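Take a look at this single chain in structure tokens; it is the form predicted on its own.
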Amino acid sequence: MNIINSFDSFLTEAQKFPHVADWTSKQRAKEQLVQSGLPTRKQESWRNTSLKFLSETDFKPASHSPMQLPDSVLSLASSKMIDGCHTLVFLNGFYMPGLSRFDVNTVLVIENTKKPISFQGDADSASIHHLNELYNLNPIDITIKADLDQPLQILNLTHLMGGEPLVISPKMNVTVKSNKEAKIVLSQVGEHQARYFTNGQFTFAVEKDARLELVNDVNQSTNAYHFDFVGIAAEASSTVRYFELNLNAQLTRHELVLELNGEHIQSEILGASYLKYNQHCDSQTYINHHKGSCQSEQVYKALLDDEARSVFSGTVFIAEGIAKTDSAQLNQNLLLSDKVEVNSKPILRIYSDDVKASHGSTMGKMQEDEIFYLQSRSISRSKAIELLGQGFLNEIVLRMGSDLLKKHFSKELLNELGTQRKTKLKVVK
């Protein structure tokens, strides 16, 4: 496994730079990786997603951030910052305070010191977490100390130093203190057409009566491979709203784990994906109800074109002896091509009687009468498909609580759909 065998040379190079790293834990992570190996398609949660690309490309881990930032990085950072947001910038997994802009009285950023939170997710993905531990050199703790007057954008940039394919391993823990409210955008972007592998771990502790709205925005290079683990631990009377937006990456794999650790928690888990070419997106969710009187709602939508493939697996666990729990799950897929593929798998693990739990999955093509209606209003067929596709996915975006973020992501979605439709028209001509 080339990606594991790179560790010794990575260790030699990384020790030249003033990083604070627990090398003992990294050696242990390497030993566990060698022993267990990476997941294969024989394992149920990985049966639809292959890791063959890791043996086909020699990804090199980033051992340090650039000494001097090239203009291309500054330009990329500037173009991806959302106007009106506080911004924390990370480049190749390293925190860049010089590019960040935020209120220090509201947001506290320090080197990682917290004890990790326990999450009950996919056991078969443990080696992917070990891989993050192996190559992360700059774990960060972020604490939201006061209500954020503006959304906080955590901008993860990937830049190929020297042009070699990179593996990037960002890692951060975010705490939203009791009675505080935060809207956070986790932006995952990279250089146009660059080839790299990002493998991030992001955990969020939502304390009692706190409110978190989190947007996981994946708009990577079309040649990139993107994995992330997002773990959210929610305490009593808190509110969690999670939005997953997938617009670009060759292969995307998400693992979301939500631990409902107290009573009277309200949660929404929402996803919108626009997949084209031969892009592949695999979203795995685990919603664990440990206390009663909680609500969880999941709605995942995918718009698929060309030879794209969507995988959704949603697991809801309701512990024994808890009451008045309400859980709903829905996966909807709109197909623009006969060559796309959809895999949808709801899993309900219910060990209590006094609960409500439902699930559903739909897939189908765009309705010709809807397209015809728009064409009768002097709208071209291509534009009609673009508008209907945006309307289908925008139902998720419009559930965001921030008008600023609604406007930004509605525009981003429309631009992506418009660019793709124009490209297809040029090919046809």
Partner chain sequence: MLEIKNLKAEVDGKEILKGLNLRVNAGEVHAIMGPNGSGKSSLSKVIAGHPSYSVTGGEILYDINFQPKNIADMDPDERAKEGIFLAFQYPVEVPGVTNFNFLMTSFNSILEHQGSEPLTEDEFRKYLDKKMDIISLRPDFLERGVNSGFSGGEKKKNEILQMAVLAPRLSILDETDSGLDIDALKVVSEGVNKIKSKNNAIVLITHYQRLLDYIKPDFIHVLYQGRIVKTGGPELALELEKNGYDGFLQ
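Residue numbers count along the first chain shown, from 1. This one's a predicted model, so the numbers in the text were calculated from it and none came from an experiment.
The next section is about a form of this same protein that is not shown, the form predicted in complex with the partner chain.
Asks: Select from the listed residues 390, 49, 32, 65 the one whose heavy atoms reach within 4.5 Å of the partner chain in the predicted bound form.
Replies: Exactly one residue meets the criterion: 390.
Asks: Determine whether any heavy atom of residue 56 comes within 4.5 Å of a heavy atom of the partner chain in the predicted bound form, and answer yes or no.
Replies: Residue-level check for residue 56: no, no contact with the partner chain.
Asks: Taking any heavy atom pair closer than or equal to 4.5 Å as contact, tell me whether residue 69 reaches the partner chain in the predicted bound form.
Replies: Because no heavy atom of residue 69 falls inside 4.5 Å of the partner chain in the predicted bound form, the answer is no.
Asks: Is there a non-hydrogen atom of residue 42 within 4.5 angstroms of a non-hydrogen atom of the partner chain in the predicted bound form?
Replies: Because no heavy atom of residue 42 falls inside 4.5 Å of the partner chain in the predicted bound form, the answer is no.
Asks: So, in the predicted bound form, is residue 380 in contact with the partner chain at a 4.5 angstroms heavy atom limit?
Replies: So residue 380 counts as contacting the partner chain.
Asks: With the partner chain left out here, work out from 34 to 42, 381 to 389, 57 to 65, 358 to 366 which stretch has heavy atoms within 4.5 Å of it in the predicted bound form.
Replies: Heavy-atom contact with the partner occurs in 381 to 389.
Asks: Taking the partner chain in the predicted bound form, which residues along 391 to 406 bring a heavy atom to within 4.5 Å of it?
Replies: Counting only heavy atoms within 4.5 Å of the partner chain in the predicted bound form, the contacting residues of 391 to 406 are 391, 392, 394, 395, 398.
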